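What follows is one chain in structure tokens, specifically the form predicted on its own.
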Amino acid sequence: MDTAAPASSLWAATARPAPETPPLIGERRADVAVVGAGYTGLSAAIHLARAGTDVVVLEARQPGFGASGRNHGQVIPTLGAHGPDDLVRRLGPEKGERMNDWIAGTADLVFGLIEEFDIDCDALQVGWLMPVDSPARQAYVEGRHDQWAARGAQVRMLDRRETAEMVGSTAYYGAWLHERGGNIHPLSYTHGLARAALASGAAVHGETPATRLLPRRGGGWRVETPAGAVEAEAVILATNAYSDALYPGIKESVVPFRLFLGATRPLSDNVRKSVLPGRQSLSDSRGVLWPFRYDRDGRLVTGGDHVLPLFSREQSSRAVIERIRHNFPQVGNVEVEYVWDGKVAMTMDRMPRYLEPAPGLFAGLGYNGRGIALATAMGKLLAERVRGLDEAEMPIAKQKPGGVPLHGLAVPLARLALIPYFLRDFRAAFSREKRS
């Protein structure tokens, strides 16, 4: 089975039912049209609708079809490539700390929505870990912990013994723990957001791709679909890694990078007592992604990158087995039950994007592997901006669309760019073995 097919995904096989989201037939007016029913679009719809705004969501397939239903399910209230001090250096003290405050609250927003709308998505706010995979990265991990700790975040630095107890592996030299992080069933969460948007008064239409976006004479926009159209004063584009040519420059703002995920068959109770017994999720300090977590039935889920995504099912199955054997030899023989992939939207500077390419047109995208927390928060932020939040109060600086040169070559070039990360990880592993 094609790993891009929804049926290949663990999350599609185990998700709570989606609400009815029939296609749009005919024309209608609204205050705001949202294109894309993932985390960004549905969060925006919820926050707009419960403020009394008439909002219509248009989704080309079904809510959660894209990255929102395919990711690893980790809720991480940090950026991947930049620590708090980095943002202050890049943006200045005021804007940098405003963005740090915004990032710090992203996981709590996710779990708050889950509680408020009683979303059944296996939510566990039990913490997120970044373990140290080699002594060479100890200072990097400690620096991230120290920067967040200085800002009052609920974080802890774990020594090697504490890490081994929490992770169930002696492969790591320590870790930093963010206690506000956690994990969810990503597709069930998206289905729950769709239900919450409907309950709040929004209209959500699946199987309704936006085919044309036209400015209206006198202001506002017209979004055309195969069987209808929406005329609205404002439009939010929330298509992220699955963006197309609906509006110039949007898809050129990110690199849609394909990640692979795999899940074992459910592990025994005895094994689960020794591997991530607290059910935290983790992404270690390697340059190439090594994440681990359980699903609700005790499957161990991991994934990552391939330089050449050929024979992706076979490659990913081998990678799942090899990574588990490396980190958790007590698991024994591993049988892979699910292998799937999805696109993550990467940006050149590894910063999320907030765009206003024309009056009344807004977009949020480019979460660089932190999409559950950041995209949910971006949706809320875009809703506030549409309703009149001053641009000066935004925690993210507005940018122009585009910015990825040679966009047509961006995906293969990005895959080649993985090679230095693999080499650095190899050198780090070699130095680790020499010190052991």
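From 1 onward, residues are counted along the sequence shown. Fair warning: this is a prediction, and the values are worked out from it, not measured in the lab.
Separately, the form predicted together with a small molecule exists; it is not shown, and the next lines address it.
Among residues of the shown chain, residue 67 is one whose heavy atoms approach the small molecule to within 4.5 Å in the predicted complex. Of the heavy atoms in residue 111, none are within 4.5 Å of the small molecule in the predicted complex. Taking the partner from elsewhere, residue 181 is found to have every heavy atom lying beyond 4.5 Å of the small molecule in the predicted complex. Interface membership of residue 316, defined by any non-hydrogen atom within 4.5 Å of the small molecule in the predicted complex, is ruled out. Contact with the small molecule in the predicted complex, defined as any heavy atom within 4.5 Å, is confined among 349-357, 91-99, 148-156, 69-77 to 69-77. When the small molecule is considered in the predicted complex, only one residue from 169, 208, 134, 280 comes within 4.5 Å through any heavy atom, namely 208.
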